[in-house]
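For reference, the chain that follows is the form predicted alone, supplied as structure tokens.
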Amino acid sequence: MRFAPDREQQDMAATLRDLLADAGTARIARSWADGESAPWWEVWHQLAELGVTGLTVPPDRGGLGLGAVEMVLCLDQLGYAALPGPLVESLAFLPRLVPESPWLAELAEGQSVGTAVVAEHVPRALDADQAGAVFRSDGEEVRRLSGFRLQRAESVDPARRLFTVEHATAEPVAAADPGAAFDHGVLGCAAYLLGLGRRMLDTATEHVTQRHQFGRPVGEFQAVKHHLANVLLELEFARPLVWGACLSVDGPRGPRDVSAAKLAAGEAARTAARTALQVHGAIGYTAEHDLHLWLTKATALRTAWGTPAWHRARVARALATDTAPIGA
């Protein structure tokens, strides 16, 4: 293990976590799903004041120019809060895809968000109706779309508002490295899933501590404790893979390592979702319960930015020619 957040990075994550806890993100997610965007933009502007919106934007575009470590720490916290919006696109993918775009200055200032369609893996643009810039990435070719018409598509998570995009014009833009940008998007999605999983574990643990049966907290029963311990193990096995991928994402083993991180984080979040649903007596199925927000987002993101089967095959192909341990 070669990565651990330093004091400054830990403080950054703690500050972000406090801000999101005070913001009431469950309420914001519901209003966002209903098309009421004002509460979300209020939080986005607060994130801009912290520098989060310009985290990975180059300094000559008004950003902080920080790297994968800070990006992962922030998306982990945003996942813990289940804040909706095109966060992976704006904070992880686009600053890496189009680092010379003048639009990035608007992103860094918190005045805009961006979204994208990525060939094969991201067929619909997330929250395109709120985005100041919509890009399309087809292999090495990247274009900025304009004059577009949007058609809302269904999503298992109502707060993930997906759109098919028909456009009048598509202006070619200079792209740094579409492949590397995609890997940063995958890594950002893995970090968000890790935060989601941890939040569902915390929620489930709090519930079984407070609920009593036969005069004892439900969490004292061994069968319940074992389920929660299994969730914790999966999350703690996934976390080093996500952190390790921060160090290798821009190297020759980056594609393999981010796929392994996405796989582990996605499966850990799914286990957390199933367990939280079970210990809550399935009340998380109802949209009125906050757990529903985390469950549906974990389900949707498990197959976003590449399906588990696609990432599993990618890891297998890499290990066929390079047997170096993942995360080494």
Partner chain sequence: MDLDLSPADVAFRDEVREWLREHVPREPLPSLETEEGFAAHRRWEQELHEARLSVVSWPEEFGGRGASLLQWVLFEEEYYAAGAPGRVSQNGIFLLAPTLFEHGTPDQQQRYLPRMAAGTDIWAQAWSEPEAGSDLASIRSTARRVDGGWLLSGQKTWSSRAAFADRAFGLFRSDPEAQRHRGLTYFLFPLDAEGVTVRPIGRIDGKPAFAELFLDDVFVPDEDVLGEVGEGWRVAMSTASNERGLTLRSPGRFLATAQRLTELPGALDDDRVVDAWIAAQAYRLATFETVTRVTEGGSLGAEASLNKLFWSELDVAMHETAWDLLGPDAEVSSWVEGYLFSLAGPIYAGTNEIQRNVAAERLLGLPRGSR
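Bear in mind that the values here come from a model prediction, so they are computed numbers and not experimental data. Positions refer to the first chain, counted from 1.
The next section is about a form of this same protein that is not shown, the form predicted in complex with the partner chain.
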The partner chain in the predicted bound form has a heavy atom of only one listed residue within 4.5 Å, and of Ala229, Ala119, Val156, Ala168 that residue is Ala229
If we test each of Val208, Leu150, Ala180, Val173 for a heavy atom within 4.5 Å of the partner chain in the predicted bound form, the one that passes is Val208
When the contact criterion is heavy atoms within 4.5 Å, does Arg239 count as touching the partner chain in the predicted bound form? yes
Taking heavy atoms only, is Leu19 within 4.5 angstroms of the partner chain in the predicted bound form? no
Does the partner chain come within 4.5 Å of any heavy atom of Ala273 in the predicted bound form? no
Would Gly195 count as a contact of the partner chain in the predicted bound form, using a 4.5 angstroms cut-off between non-hydrogen atoms? no
In the predicted bound form, which of 180-188, 126-134, 96-104, 254-262 comes within 4.5 Å of the partner chain (heavy atoms)? 254-262
Is every one of Ala4, Val315 and Thr323 in contact with the partner chain in the predicted bound form, taking contact as a heavy atom within 4.5 Å? yes
